[in-house]
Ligand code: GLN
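Quick setup: one chain, the form predicted on its own, written in structure tokens, and binding and motion questions come after.
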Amino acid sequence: MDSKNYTINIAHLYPKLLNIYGDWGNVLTIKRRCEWRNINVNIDSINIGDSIDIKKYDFYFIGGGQDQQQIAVSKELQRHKASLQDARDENAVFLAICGGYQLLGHYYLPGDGDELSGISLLDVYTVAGDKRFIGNVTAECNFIHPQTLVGFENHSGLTYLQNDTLPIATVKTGNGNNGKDKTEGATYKNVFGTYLHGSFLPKNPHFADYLISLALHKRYKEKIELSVLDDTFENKAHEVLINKKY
């Protein structure tokens, strides 16, 4: 990277409601890895009732939560559905974890209660299963290096992908989207949804850097090479979890 003063603007969607299992750590990871490279980061918390200026933000993050919190966020997201679809189509980066991932699809149908509408940034849908998937996950992703992704899943929702929405990775250990087709997560354009908690990005610094690169490209319309960081400790944390079941 040269000495140009780069900036990334992040919208953290509904952190008061969707922040289970330390999902905030994903935003913190992006912030720290940018700051270590002298990239400026501005983070705005978007809460119920707030407006969203899609021209401002390069990166959107939404975490996981319980069904009750998802109900409130599902209703709120409908206000912003069209504008967030526009943000997706303008190549903004989205990272959604678990419950937030489900709400970026078409809908989530819980075991009891009404269907929760999503905002269709991803061509996926989720239905409640009768088994809870809990444990560590190792998956292989073919568009980053190293190819392994690790994290911790804890969900009973079964998510199914359709058409141009592709899985982020193939499950090697764990269950992933639905426990049947060996897929984990979903991606379309620069939108990424995953069931991996932990937090996800501290354990996968290479994926964090991939998202940073996409966010910079969105803002500056050019490919920007990131300077190399000393990820000795991050890589050890990643490696010790590969193929670990519990």
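All values reported here derive from a predicted model rather than from experimental measurement. The numbering used is simple: start at 1 and walk along the sequence shown.
Just so you know, the form predicted in complex with the ligand exists too; it's not on screen, but the next bit is about it.
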Checklist entry - Wondering, does Arg132 line up within 4.5 Å of the ligand in the predicted bound form on heavy atoms? => result yes
Checklist entry - Would Asn40 show up as a contact with the ligand in the predicted bound form if we use heavy atoms at 4.5 Å? => result no
Checklist entry - Looking in the predicted bound form, any heavy atom of Cys98 within 4.5 Å of the ligand? => result yes
Checklist entry - Even though the ligand is not shown here, does Ser51 get within 4.5 Å of it in the predicted bound form, heavy atoms only? => result no
Checklist outcome for this item: As a check of understanding, the residue in Gly174, Gly151, Gly118, Gly157 with any heavy atom within 4.5 Å of the ligand in the predicted bound form should be identified as Gly157
Checklist entry - Can you say which of 210-218, 29-37, 66-74, 178-186 gets within 4.5 Å of the ligand in the predicted bound form, counting heavy atoms only? => result 66-74
Checklist entry - Do heavy atoms from each of His12, Phe59 and Leu196 fall within 4.5 Å of the ligand in the predicted bound form? => result no
